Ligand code: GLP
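Given next, in structure tokens, is a single chain: the form predicted on its own.
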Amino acid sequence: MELRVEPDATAVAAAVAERLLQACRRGRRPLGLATGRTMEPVYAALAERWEALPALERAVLSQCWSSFNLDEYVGLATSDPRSFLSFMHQHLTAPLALDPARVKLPEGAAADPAAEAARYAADLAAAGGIGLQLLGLGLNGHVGFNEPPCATDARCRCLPLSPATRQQNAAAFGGDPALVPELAITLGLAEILAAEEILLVVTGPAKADILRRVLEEPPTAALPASWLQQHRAVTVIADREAAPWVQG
């Protein structure tokens, strides 16, 4: 795993946005996208670069756009502002003027979440799998919603969210973790680790301890993100607060 440390979250967002734009230009396989507060400045930086592109290039990239998000809450309507679909529309789809059909997420309101997870996995496989997978890092070491313990053969599925994750995501629900949905659909580590390349984005002092563990401890199901050590092409882009032990 390559670790790249930037001075602050703004510099991290700029570096990640540039990598996403490069992946769009290659266009071989779909992007794997993520949500959360860490990603908000990333998508803002991407939107700035997108707007600065020549109109013809922007049109070509829009027509070729293909992305699959990691996850979605179960039980929220597609119009619910707390859904990840709404997050992506606000921060990516609308700013980049993308066709919403090209920005794919699991349908959290599906009547049968397990069947929806299977459908979503099949759609991703039919599209060729992920090219560049963008990941955040949960405080308990989860990536996507792959809660510990999680093995590398875990595939796209519906699963319960841990109390720690519901607490971490409570801000979008008025600060009340009890209002965070109990279930989510997530791509599994199997789909994540099948990506051509992975970009793990970590910012802020609260993530320093878990990031150090992910980088230094042996891979284990108890720390799902540690399995990224076994991937052939992982870059970690962190700010100084998230990696204070790195010199220089």
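Computed from a prediction, not measured in an experiment: that's the story for all the values here. The first residue of the shown sequence is 1; numbering continues from there.
Below: the form predicted together with the named molecule, not depicted.
In the predicted complex, the named molecule lies farther than 4.5 Å from every heavy atom of Pro106. Among heavy atoms of Gly141, none comes within 4.5 Å of the named molecule in the predicted complex. By the criterion of a heavy atom within 4.5 Å, Leu70 is counted among the residues contacting the named molecule in the predicted complex. In the predicted complex, Gln168 approaches the named molecule with a heavy atom inside 4.5 Å. Residue heavy atoms within 4.5 Å of the named molecule in the predicted complex occur in exactly one stretch of 56-64, 36-44, 22-30, 212-220, and that stretch is 36-44. This chain is displayed alone, yet in the predicted complex one of Ile130, Ala117, Cys150, Leu137 has a heavy atom within 4.5 Å of the named molecule; that residue is Leu137.
Contacts to the named molecule in the predicted complex (heavy atom within 4.5 Å) from stretch 191-216: Lys207 only.
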